[in-house]
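Presented below, as structure tokens, is a lone chain in the form predicted alone.
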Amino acid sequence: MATDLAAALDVALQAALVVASGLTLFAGYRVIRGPTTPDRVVALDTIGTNVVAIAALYSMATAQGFFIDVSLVLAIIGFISTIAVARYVTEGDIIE
């Protein structure tokens, strides 16, 4: 029974990795095509969130805790960069 659960978890993790990767590609298309700058900013934020999810899923699939640290750092960098770009788009300057 334990091997059945492990196999089901492995299949679920692999499926989640495929879905998150596909959604990242779709968001990449939105970054390229636009049509407006706020759309591109939201798509970049979505890509950052998906990369964090991919790192966490990969960490769970391979049982390597290092990738959890990587996902936390990516989340922090993504948040700071989203705030900086949003301020630049709305105010035209990042630092007052």
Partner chain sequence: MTEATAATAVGPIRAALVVALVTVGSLFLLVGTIGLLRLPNVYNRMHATTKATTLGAASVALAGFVYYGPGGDGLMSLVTVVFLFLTAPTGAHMISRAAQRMGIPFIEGASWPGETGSTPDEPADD
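As the structure is a computational prediction, the values presented were derived from the model and not from experiment. Numbering follows the first chain given and starts at 1.
In what follows, reference is made to the form predicted together with the partner chain, a form of this protein that is not presented.
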_Contact with the partner chain in the model of the complex for I95, defined as at least one heavy atom pair within 4.5 Å: yes or no?_
no
*Can any non-hydrogen atom of I32 be found within 4.5 angstroms of the partner chain in the model of the complex?*
no
*Members of 74-93 lying within 4.5 angstroms of the partner chain, judged by heavy atom, in the model of the complex*: A75, I76, F79, T82, I83, A86, R87, V89, T90, E91
